[in-house]
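Below: one protein chain in two forms, given as structure tokens, structure 1 then structure 2.
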Structure 1
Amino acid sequence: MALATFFLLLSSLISLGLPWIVRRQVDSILVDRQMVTLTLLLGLISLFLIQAFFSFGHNYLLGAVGQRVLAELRASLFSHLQTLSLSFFTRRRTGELLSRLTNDLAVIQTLSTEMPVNLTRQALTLIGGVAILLYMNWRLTFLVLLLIPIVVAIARWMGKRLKQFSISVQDHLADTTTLMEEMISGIRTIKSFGRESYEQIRFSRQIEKTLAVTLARLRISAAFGPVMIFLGFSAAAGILWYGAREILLGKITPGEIIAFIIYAMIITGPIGSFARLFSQLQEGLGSSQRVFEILDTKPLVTDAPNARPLPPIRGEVRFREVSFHYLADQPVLQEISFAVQPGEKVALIGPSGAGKSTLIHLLHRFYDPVSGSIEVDGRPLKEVTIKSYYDQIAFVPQEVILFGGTLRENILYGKPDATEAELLAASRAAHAHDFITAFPHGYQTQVGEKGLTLSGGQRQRIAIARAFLKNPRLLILDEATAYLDNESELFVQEALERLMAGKTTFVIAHRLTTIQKADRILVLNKGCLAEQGTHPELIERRGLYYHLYTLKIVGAEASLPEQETS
């Protein structure tokens, strides 16, 4: 930064000196009738060369500083986003976040690279230019300076309009990104309802609106330069008119008046661009506010100051009067208490919206309870470090996410330092080895974008292999509701049973066999623990479970194969 400023200073000084040399030459040609000497010509060319070098130096150095700032900002945004609690993401639309990461960062990028260079150069030019003008002819200078307030007033007015439109453009761009993101993630729904043309119209309307405000901004920014140039030339004409009289009166030389006009034009530039830079700065401040709002958000779930690592656990889980809400006046879980012994299989069931996923989120420490506590092996989760807890649990979600990369990398996601033997054992146990080796590239097969697409059952088996590698003591499952074909279903079930063996398991259960085999069934209703017990116990009680079991589950699973419903 310091070196860049030094270069900038030198290159600006040379720029300011050039009209002075022009003045001398004009006078020696016009007044003294002398030819330009070769030495002077060479001297001038050398000066241009030096100036070019200094210009390159400060352009590059200041640009590089800006780019580094941006790269760092991008990296810290990415890593900070990962530390934020789940609630941060559920409250925002993905498209809106992406817009901040792309559109807003782009604005900051322009600002951080161009702003320092422009601002410093313009300031130097303005100060130097005015000083030289005053030295040359103070009366003429005052004439020039009279024009400045007019220029500034016009520039500021235009700047303000530009800022208003810029905010609106950024908002519209964010909405456009959101629509695009929703289209991509919701493509199945769009296609199955045949709403492509509706989405097209919705998107076209959005594009039209964005285009309209962008064009409005463009009109102003396009007019900006010409207006400033017009004002500059008008000033030059005024100086010429006044200067001509002074020359005729013999008060100044022709060289002086030419140099004066050049200087006057030189300083009109900075005055115009100050206002523009000011509005750019406003625009940039808006964007950085949106970006720093993310960086300043603190994760809700963090390690307590006195948190200790959780020693290897046996898998005992206890909920003590746990209550939770997402929004202050809408309780989701109310005073839930239960205790689970190591190795127990717990099935969570209940009507939709009863709070099953929320309970799992709390157990996973995606959120902390509002009141009450969750204990693992007698230790409250709030008193242990998150990492040491996560190292001992595994989560198999309903929707398995595979990251871009090879199948091997995807399985190793659970334990990057696993040995080859561990990897193969986990894949075999998860019934994934056979289908993986059937692909031409085996474990090196690329998945995700432009790669292989796996079936639902295959994805689940990859997720199970991931969990096997981790060998957790506590397992959290969100059972897939999607219908798998018989063979795939069987493989997934077998793999899951092997995975659950000997581990404390919580499963949001959708399949009858899972529920029937559970050591304990927790029946949730409207955020309360309505009943708990084994399948026979709860059937006998003829309460909510009995009702759900006979009416809903049997009905819903009637279409499943024989073995499921028998």
Structure 2
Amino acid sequence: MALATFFLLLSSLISLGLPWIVRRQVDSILVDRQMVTLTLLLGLISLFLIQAFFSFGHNYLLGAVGQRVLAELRASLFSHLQTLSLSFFTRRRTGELLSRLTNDLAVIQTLSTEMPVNLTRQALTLIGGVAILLYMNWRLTFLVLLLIPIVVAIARWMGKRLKQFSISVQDHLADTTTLMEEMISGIRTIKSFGRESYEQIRFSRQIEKTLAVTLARLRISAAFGPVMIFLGFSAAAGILWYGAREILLGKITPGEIIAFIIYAMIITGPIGSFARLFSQLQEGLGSSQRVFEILDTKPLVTDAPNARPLPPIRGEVRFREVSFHYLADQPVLQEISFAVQPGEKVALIGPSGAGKSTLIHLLHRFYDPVSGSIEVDGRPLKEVTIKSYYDQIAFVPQEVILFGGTLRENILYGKPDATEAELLAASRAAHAHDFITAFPHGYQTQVGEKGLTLSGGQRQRIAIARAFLKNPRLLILDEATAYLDNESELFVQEALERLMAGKTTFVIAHRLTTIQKADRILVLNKGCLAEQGTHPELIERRGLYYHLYTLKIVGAEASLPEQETS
């Protein structure tokens, strides 16, 4: 950056010296009647060449710095996003966040790199040009300086309008990006329902809204240049009129008036640039406001100041009067209490919206309870570091997302330093090895975006293999076998029983085979723990579990009235 600034200063100084040389040559020809020598001409060309070199160096170095700043800004914003809690992402649309990472940061890059250097160049040109003009003819200089109040007034008005429109443009771009992301992600649903025309109309309407705001901003920014040109030529006309009078009176030479006009045009540029930079500043402030809104967001789930690393756990889990809500007036879990011994397999069941997924999210510490506490081996989760806890648990979600890359890389996501033997063992345990080796490239097969080139069952088994590879002390399964056929489910269930022996496992289950083999069944209803026990015990009590079982809807996510959303 310092070298770019140095090149900029040299380039600007040479630019200021060129009109002075032109003045001397014009007077030499018109006044002294002397021909320009070849040596002087070559010197002038050499000066142009030197200025071109410094301008190239400045532009290249500044561009490189700008790209580096943009890359670092994106990395910083992305890193910050990784620290934010799950609740932040549930309130934000993906397209909006993508817009912050692309459109807004590009505007900030211009604001943070090009603007300071341009401001320095224009300030140097303006100060140097005005000083030379004052030295040449102070009367003509004041005629030029009369433009400044007019330019400043125009810039202030345009700047305020541009800031308003710039914020609106960025908001509309975020909405457009969100819409594109939704359409691309949901293309199967769109085609299945034959809604291509509807989506095209919806997208066209959004594009028209964005275009209307963009054109409104463009009208203001486009008008600025012609206004500055008009003012500049008006000043030049005034200088010509007054300068001609001074030449006739013998007070100045033709070379001086030509040089003066050139200098006047030179300083008109910085005056106009200041206004343009002011407009860019207003645009940048709008984008900065949106980006720093994210950077200023603090994660809701963080390590406490006195948090300590969690030692290797046995797997005892205890909920003590745990309550939670997403909205203050809509409780999702209410005073849930239970204790699970190390190595127990716990099945969570209940009607849709009973709070099963929320309970799992609290156990994983995606959220913290509103009241009550969750303990693992007698230690409240809020008193241990998040990383030390996450290192000892594994989570297989209902909707598996695989990352772009190979099958090997996706399985190793659970344990990047795993050996080849561990990788193969985990794949075989999840019954993934056979279908993986059936691909032409085996474990090096590219999975495609979100793993959509694989079937649902294949994606599920890759996720299970990933969890097996991590070898957790606490395992959380949310419909982990939901996408497997009966034969594959049997193999995976056998593998689960063998590999998870001695490890505490929580399963959101709907299939009777899983529920009946559980050491403990937790039955949730309307955010409360309705009952708990083994399958025979709960059947004997003839409570909610018995009701669901006899209606044969234990595995069908029964929909009872007035349920809260989990």
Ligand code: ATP
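Bear in mind the structure is a predicted one, so any value in this text is a computation, not a measurement. Between two forms, the rigid core is the largest collection of C-alphas that superpose within 1.5 Å. Please note that residue numbering is based on structure 1, beginning with 1 at the start of its sequence.
- Annotation: structure 2 represents the form predicted on its own, while structure 1 represents the other form.
- Core-superposed comparison between the two structures: CA of residue 389 displaced by less than 2 Å.
- The Cα shift for residue 328 between the two structures, taken after rigid core superposition, is 2 angstroms or larger.
- Residue 165: CA moves 2 Å or more between the two structures after rigid-core fitting.
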